[in-house]
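Here we start with a single chain on its own, the form predicted alone, put down as structure tokens.
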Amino acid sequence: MLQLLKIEWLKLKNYRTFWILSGLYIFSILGLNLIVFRIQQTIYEAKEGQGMAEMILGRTPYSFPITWQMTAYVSSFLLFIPGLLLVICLTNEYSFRTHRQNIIDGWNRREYISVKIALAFILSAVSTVFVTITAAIFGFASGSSLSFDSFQYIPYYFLQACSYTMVALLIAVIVKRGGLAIGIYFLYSLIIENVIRVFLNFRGDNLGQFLPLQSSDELIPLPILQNVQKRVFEPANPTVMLVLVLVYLSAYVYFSIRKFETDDL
């Protein structure tokens, strides 16, 4: 696998689009959290804001230990970008027949798709590292002392990132065509699943929380509203959601491998 990953690196290291989008993604994580940080800092410095903060959280959203959850929540709105990177990388190989050349050169089909799955998890891990660093930066900037009490939201973010990248990979394997795969990925991750979730939740059963991407989103609720939401409806059980996310990830891996192994090249 290590040798295969080295070959994958050779494909990516000179791919300008990949690095431009990666740079924009990292900048966006810092930028979006900075915007939210400045907004909350302005609000909670006001007398009324301080009273609300103490009532809801007892501290500002980016102070330790809440910063781990807050940064993960805010950064999750950008998780479509790693998925987009994966769709572009895989569909480009379909377009330029690189996948066929790899098979001709001696790779078997499972090795090829396994490298792409590994790439999805690597992108998710790198994203998680940057989110962790960002959370620590804003935690110290808030003037609070280091605490890891809510650090479990960082590995939750990793699972959430894996969900988005693996959905992107599965769509790319099924659709193959770049523009169409990107369109379907954006429509599903940003619109279609949210519409289905609202429809399922219309009767008040909160069934929408069990949808593929929503189940991972449920792992990281917005800390400011978390205590308020508990009074309105029954929150998602983290253990149930965690198991469900792992089941979905296993399904993504299985169907991606199955689809690629049985498709015509």
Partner chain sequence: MAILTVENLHKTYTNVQALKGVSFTVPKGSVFGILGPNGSGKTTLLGIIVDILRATSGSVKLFDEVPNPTHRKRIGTFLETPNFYHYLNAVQNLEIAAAIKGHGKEDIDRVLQLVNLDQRKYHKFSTYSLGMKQRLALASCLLGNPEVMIFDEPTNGLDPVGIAETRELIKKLNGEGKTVIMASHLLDEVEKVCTHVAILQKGTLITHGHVDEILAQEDIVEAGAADSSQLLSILQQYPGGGKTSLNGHLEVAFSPGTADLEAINRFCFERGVTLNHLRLRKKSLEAKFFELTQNKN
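Keep in mind the model is a prediction, meaning the values are calculated, not measured. Residue numbers count along the first chain shown, from 1.
Beyond what is shown, the protein has a form predicted together with the partner chain; the following relates to that form.
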Listed range touching the partner chain, judged in the model of the complex by heavy atoms within 4.5 Å, from 67 to 75, 99 to 107, 183 to 191, 119 to 127: 99 to 107
Partner contact for residue 250 in the model of the complex: the partner chain, 4.5 angstroms, heavy atom: no
4.5 angstroms heavy atom contact with the partner chain in the model of the complex for residue 15: yes
Residue 7: touches the partner chain in the model of the complex, heavy atom cutoff 4.5 angstroms: yes
